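A single chain, nothing else alongside it, follows as structure tokens in the form predicted on its own.
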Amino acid sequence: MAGSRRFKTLDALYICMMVLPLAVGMILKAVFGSPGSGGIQITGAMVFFIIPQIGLPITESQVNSWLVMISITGLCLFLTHGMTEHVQTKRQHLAEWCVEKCEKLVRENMGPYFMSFAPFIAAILALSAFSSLTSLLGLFPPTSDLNVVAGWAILVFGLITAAKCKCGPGLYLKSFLEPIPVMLPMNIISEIATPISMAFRHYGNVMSGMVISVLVSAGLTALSSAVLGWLPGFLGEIPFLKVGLPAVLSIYFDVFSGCLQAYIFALLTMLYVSGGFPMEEFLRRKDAKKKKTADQAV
């Protein structure tokens, strides 16, 4: 029951599962991060340690990715905890709204046949958006690491290729010769460019937002020192011109742009998978198989 001690205890555990990973990320940032030396600093993900046997670096982006996934899992468990058919709570309404919106998005962009992709698309949206939003907590967003986004793109490329091979690898290989055989090199380049473009589009937009924010913040600090440095005492050291605009830029680049890039990545995934699936040939073969089975039964 919703009011029982066990229910409340599980709620508290799920909330801790949402909050504690992000708190751990901020603690790691404070412990391992080097103090700023002033000026403009744009660096990549911090390396915590390297596994000596295989030389694999464990970076800030990898750790933050796992922390975000744990937080998202806690959020999902919290929203679906106590879900019933008749008694509906606000969290259940929110969970159902998220599911309905995601299913509607898949239905409109992929079609009814691909409704099984709805959980995967929801996972992409949540992981990408929440990864970008971690910058609001002072963490390094995993979406600013090309390696992370490239891994997502390779996974999506595997799904695209699997969809294209649904009617057999022969039909997929034959598509490289269309519309004419001389297009083979261009079709191969186009196929390889799909995951590369998805990765660089997502990474470039998120990373460029970070760079612009840092440059504007540093520029406003220098301008404030040049214009208002004549103020007496500590007042001349306060970057008054830095107040306001960086926050507005953060709302755009960290919140709006981050969520927008998550939507674009998910949208491209849906369009590439559904567009590469040979629906007409698949239905034709399915109907032929049904007809053959019916003839054998007679």
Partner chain sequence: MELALGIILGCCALGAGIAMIAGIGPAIGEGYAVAKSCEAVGRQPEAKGDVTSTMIMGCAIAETTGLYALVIAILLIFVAPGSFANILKETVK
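No experiment lies behind these values; they were computed from the predicted model shown. Positions refer to the first chain, counted from 1.
Keep in mind that the form predicted together with the partner chain is not shown, yet the notes after this line are about it.
Trainee: To test your reading of this chain, name the stretch in 22 to 30, 59 to 67, 259 to 267, 46 to 54 whose heavy atoms come within 4.5 Å of the partner chain in the predicted bound form.
Mentor: The contacting stretch here is 259 to 267.
Trainee: Can you check whether M207 is within 4.5 Å of the partner chain in the predicted bound form, heavy atom basis?
Mentor: Taking the distances in the predicted bound form, the answer for M207 is yes, it comes within 4.5 Å of the partner chain.
Trainee: Even though the partner isn't displayed, in the predicted bound form is Q88 close enough to the partner chain, meaning a heavy atom within 4.5 Å?
Mentor: It does not: once the partner chain is placed as it appears in the predicted bound form, Q88 has no heavy atom within 4.5 Å of it.
Trainee: According to a 4.5 angstroms non-hydrogen atom cut-off, is S175 in contact with the partner chain in the predicted bound form?
Mentor: Answer no; every heavy atom of S175 is more than 4.5 Å from the partner chain in the predicted bound form.
Trainee: Answer for R201 alone: is it within 4.5 Å of the partner chain in the predicted bound form, judged on heavy atom distances?
Mentor: Judged by the heavy-atom cut-off of 4.5 Å, R201 is in contact with the partner chain in the predicted bound form.
Trainee: Exactly one of N187, T80, T73, S197 has a non-hydrogen atom within 4.5 Å of the partner chain in the predicted bound form; which residue is it?
Mentor: Partner contact (heavy atom, 4.5 Å) among the options: S197.
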